[in-house]
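The data below hold one chain only, encoded as structure tokens and taken in the form predicted on its own.
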């Protein structure tokens, strides 16, 4: 890759970590999370048109590219410009190099290429944007599938997103949400949490119940399952997480 020496992501530990998470090796026997989520979303939406898909919280773009194996046109959107820059680089160059943490200051240099992942010919069907899921651009509409991956518990106002997302999905289209529900005030003020707290009566409010309360007017809940993922921090330190996937079908208007 001619521009590899200009690759600005090699010293960005978080972006490199996500490059490995989405394009690199699989760890602890757990399949690639972005690929699995895309495959499940494709399978759930198989009985409806599969023309346009939106991948929100796309990070470095792997799931967007996986969706493009089936969908005719895919948008990938992430709040991080650094992640979007990587996604666009991979899309353009078909390969990208990055440096992973090893021990202390020691780095492990890696390169991934789309050809090895069976994704070399789908990039032209994908368009990436930096954007805010709570304030999406008007052009991001008319989708058959919207997938929001590990997103809702990192939004500053998740209910705003959930209250308006139905306007961007065709009747009987699908909304696929995944999240480990790790609500934290550094991302979302507690007043905006949709689960993970006690109400005024002291009763537990779980996130799935919060989702139902918000989405039930416009969506039917189709399925709920846990999807595991592993993020490598170093060769001897990994994050193992279960993300709950909830699948919703847009009601006919």
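Positions refer to the first chain, counted from 1. A quick note: this is a predicted structure, and the numbers were derived from the prediction, not measured.
What comes next is about the form predicted together with a further copy of the same chain, which does not appear here.
At the 4.5 Å threshold, heavy atoms of residue 226 reach a further copy of the same chain in the predicted bound form. Shown alone here, residue 120 lies farther than 4.5 Å from a further copy of the same chain in the predicted bound form, counting heavy atoms only. a further copy of the same chain in the predicted bound form comes within 4.5 Å of no heavy atom belonging to residue 187.
When contacts are judged by a 4.5 Å heavy atom cut-off, residue 183 counts as touching a further copy of the same chain in the predicted bound form. Though a further copy of the same chain is absent from this view, in the predicted bound form it lies within 4.5 Å of a heavy atom of just one residue from 205, 221, 214, 36, which is 205. Just one of 168, 110, 94, 107 comes within 4.5 Å of a further copy of the same chain in the predicted bound form, counting any heavy atom, and that one is 107. Remark: all three candidate residues (103, 237 and 242) come within 4.5 Å of a further copy of the same chain in the predicted bound form, counting heavy atoms only.
Stretch-level contact analysis of 110-118, 134-142, 174-182, 157-165 against a further copy of the same chain in the predicted bound form, using heavy atoms and a 4.5 Å limit, identifies 174-182.
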